[in-house]
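Let's start with one chain on its own, the form predicted on its own, as C-alpha cells.
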Amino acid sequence: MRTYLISAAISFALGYYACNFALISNIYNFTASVPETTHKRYLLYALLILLLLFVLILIPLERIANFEARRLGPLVSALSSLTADPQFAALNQACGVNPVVLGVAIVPFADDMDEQAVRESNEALLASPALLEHKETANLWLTIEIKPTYIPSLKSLHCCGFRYSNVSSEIIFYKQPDARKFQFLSLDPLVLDISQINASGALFDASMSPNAAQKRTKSSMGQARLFISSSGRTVTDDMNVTLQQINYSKETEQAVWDKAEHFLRRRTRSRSMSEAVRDSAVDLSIKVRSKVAVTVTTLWPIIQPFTVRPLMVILFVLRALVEICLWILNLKFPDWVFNGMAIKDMTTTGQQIDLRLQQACFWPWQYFMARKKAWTNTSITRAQYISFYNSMWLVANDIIIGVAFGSFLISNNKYMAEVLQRYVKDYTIDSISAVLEWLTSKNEYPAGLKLNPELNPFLGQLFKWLIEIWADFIISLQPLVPTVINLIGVSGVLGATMSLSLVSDLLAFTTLHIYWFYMVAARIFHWQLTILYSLFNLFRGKKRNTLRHRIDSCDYDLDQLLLGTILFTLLTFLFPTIVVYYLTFTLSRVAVICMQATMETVLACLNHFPLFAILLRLKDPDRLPGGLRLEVCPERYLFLTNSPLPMGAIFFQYSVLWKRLSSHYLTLNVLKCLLSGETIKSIPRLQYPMLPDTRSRFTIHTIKPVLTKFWAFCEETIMDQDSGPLYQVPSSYSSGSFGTRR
C-alpha cells in the first residue's frame, strides 16, 4: 500500500510539472533543433536507448538477484526456528536430522524474459555475497541447473569451499507421499495382518493410550535406524533413513513454507480482476475460520465440562455393559457339563456376538491411533488405519445386506416356513427312517451284508423310536416356525452375519437328533473296536504295557484264553452290524458338518473380506506399498515408486481361513477319528483372524482394570486438544530457488 501511494504521488507531481511548464513541448523542440545531418542526433538516440535499457532491464535484474540472494538469510532463520519449534520436534526426531539449506537451483529460462536477461540474472544470483559465503562455509553446497525439459542436472559441488569437478551424479525423481492420505515409500511390503504384527511384539495393547503407543513407535523407529555390521560396528541404515526423510518431505516443505511465507513470496504478474476477487474471498474465508476457531478455543474450556464429561460417562457405561456381556459369553461350564465349553462356543450366534463386542472394544483405540498421527508415519499405523476402515465398511455392508435379506424373510415368512418344514421333514426325518427300514428289512441284505438278526432289529427299532419322538417334537414346534423366520429377519438389522449365524444354529438344532445318533453309534463302535483290539492281543498271548506304551508278551491261563477267545469271536461277528449303523450316522453327521463349515466359511468371508484394501489398491496404490521399484524414463532418469502390493498379501485372511480349515478337516487326524470312532471337533476361533490376542481371558477380576484403563484412555484422547492441522501449501518453480534437505 505504501509503494502504491508513493508511485501515485510521483505520477501526480510529474503530471503537474508537465502541464505547467510544457515539458513535452520543450523536449520536442529540443529534439527538433538538433540538426538531422550531424552525428549529435544519433548520439542522442543512443543515449536514450541505453538509458531505457538500464532502467527497464539492468536495474530489475539486479533487484531480482539481490532479492533472491536476500532470501537465503531468512530461509536459514526459518529452518532454525523450525528446528527449535517443539511442535516439530517429533518430525525432526522421525527424520533423524534437522532441515538445512542444501544448495541453489538455477532455471535458465522464463516466460516473460529473454534468454540473455535470465542468464545475467542467474550470474548475478551466483555472484551474490550471501551465496559465496555459504559456498565457503557449508559442508555441502550444490548448484543445480534446471533444463528446459524440467530435468535437473548437477552443475557444481562445493565442500567446505573446495569445488569438485567431473562428479558423476544420478537424479532420482519421486512423488512426494502425502501423510494425510497415508502414502509412504517402503522397502518391505506392507503387512496388513495386525494379529501377525501383534505376535511379533510390534502392536500395542488396546488399553494403551495413543500417546504411549506413539512413544513406543518412535523408540522402535530410532532403534531400526541402527544395525550391527559384520565387523561388529554400529552402522546407520541409510536407505531406511532416506526413505523416512522422503516420506516426511511434504510435511517439511509445508512447515518451511508456513514459517517463511512472508519473505518467500515471489514477484508475480499483476492479478486480474477475477483473481483479485477470488483471493479476497479466500482471505475472507480464512479470516472467518480463524475467528470461529478463536471463538471455539475461547469458549471450549467453559462448555467442555458440560459436553465432554457426560459423553465420557455414557461411553464408560456402554463399555462396562460390553465387558459384562463378554464375561458372560466367555463363562465356561464345569468339566462334567458340555466338556467345560464356554457359552459363546455352543452356538455360532454367540461367537458372532462375541466378535462384534470385541471389535467394538478395539475400534476406539484403532481410530485414535489413525487420527492422532503426530508424525508417526509407520507401517503399523497404516495397518491399523486400513484394518479400522475395512471393519467399518464391512459392518456397513453387512447391515445393508442384512436389512435386505431380513426384509425378504419377513415378507415371505409363511412360504419360507413351509419350505423349511418340508426340507427338515424330508432330509432329516424321512430319509433316515427310510435308511433304517432298509437296514432292518428281513428280505434284503443291505449292501450285500448279512447283519446279525438279533442285534440289527434291536438297534433299528431303538433309532426308529427316537426318530418318532423327535418327529413329534418337531411337529409340535411348527406353529413357531414363522415366528423364528421373523426373528431371523429382524436380526438382519444387526447384519447379514447375524442372520446367517442364526440360520447355522437353526440347522444345528434341526439336526440335533443326527448328532445324538452319531455320538451313540460312535461311542459303541469305539468301545467295541477297543475291546476287539485288547482281545486280539490276548488271543496272541500279548498285552499292552501302559507304563512303557508298548506291546509285551504275557502268559495267560487256559481259562483266560478260552474266555477271551469266545468274547473275541462273538464281538467279531457282531462288529459288521455296528459298523453299518456307525457308517450310516457318520455320513449323515459329515454332511451336516460340511453344511456348517460352508456357512462358517461364508460367515468368515463376510467378516473379513478386504474390501477397503482392494479399493485402495485400485484407487491409490501408494497407500499399499509392496516394495520399491526404479523406473527408467525416456529422458534417461530414474523414477522411484512403490511396487503394488500383491493380491495374495491383500487376501491374507482367506489364506489364514483356508489353513485353519485344511489343518482341521483335511488331515490324517480326521481320518483317524472316523476310523476309530472318535468325535470330530469343531474349529475354534475361526472368526477371529483380525483381532489381537491381548484379551484371551475374560474373568470377573479383569473387568475393573480394563474399565480403569478405558477411563484413562478417554481422558487422554477426548480431553486432549494438542493435535493440530497439517500444513498444506503448494510448491512451484521459479527462476532461482533454494533447496532444503533433511
Partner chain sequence: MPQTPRIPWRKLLYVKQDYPDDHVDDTFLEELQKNANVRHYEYWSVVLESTIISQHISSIVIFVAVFIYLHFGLLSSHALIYIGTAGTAIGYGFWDWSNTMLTPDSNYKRRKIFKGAVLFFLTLLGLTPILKTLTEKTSEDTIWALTVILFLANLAFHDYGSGNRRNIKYPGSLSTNAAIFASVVLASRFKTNLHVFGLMSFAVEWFALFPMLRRQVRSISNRGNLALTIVLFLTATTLFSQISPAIVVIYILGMAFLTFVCPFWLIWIQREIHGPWDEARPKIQHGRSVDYN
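Keep in mind the model is a prediction, meaning the values are calculated, not measured. Residue numbers count along the first chain shown, from 1.
Form predicted in complex with its partner chain: not shown, discussed below.
Engineer: Considering its partner chain in the model of the complex, which of Ser553, Gln461, Ser407, Ser153 comes within 4.5 Å of it through any heavy atom?
Structural biologist: Selected residue: Ser553.
Engineer: Scan Ala591, Cys605, Leu563, Leu512 and let me know which has any heavy atom within 4.5 Å of its partner chain in the model of the complex.
Structural biologist: Exactly one listed residue reaches within 4.5 Å, namely Leu563.
Engineer: Is it the case in the model of the complex that Tyr533, Phe585 and Ser676 each bring at least one heavy atom within 4.5 Å of its partner chain?
Structural biologist: No, none of the three is in contact.
Engineer: Would Asn452 show up as a contact with its partner chain in the model of the complex if we use heavy atoms at 4.5 Å?
Structural biologist: Output for Asn452 is yes: heavy atoms within 4.5 Å of its partner chain.
Engineer: Could you tell me if Gly541 has a non-hydrogen atom within 4.5 Å of its partner chain in the model of the complex?
Structural biologist: Gly541: yes, in contact with its partner chain in the model of the complex.
Engineer: Phe173 versus its partner chain, in the model of the complex: is there a non-hydrogen atom within 4.5 Å?
Structural biologist: No - in the model of the complex, heavy atoms of Phe173 and its partner chain never come within 4.5 Å of each other.
Engineer: Quick check on Phe568: any heavy atom within 4.5 Å of its partner chain in the model of the complex?
Structural biologist: Judged by the heavy-atom cut-off of 4.5 Å, Phe568 is in contact with its partner chain in the model of the complex.
Engineer: Could you tell me which stretch in 518-526, 659-667, 555-563, 356-364 has residues with non-hydrogen atoms within 4.5 Å of its partner chain in the model of the complex?
Structural biologist: Going through the listed ranges, the match is 555-563.
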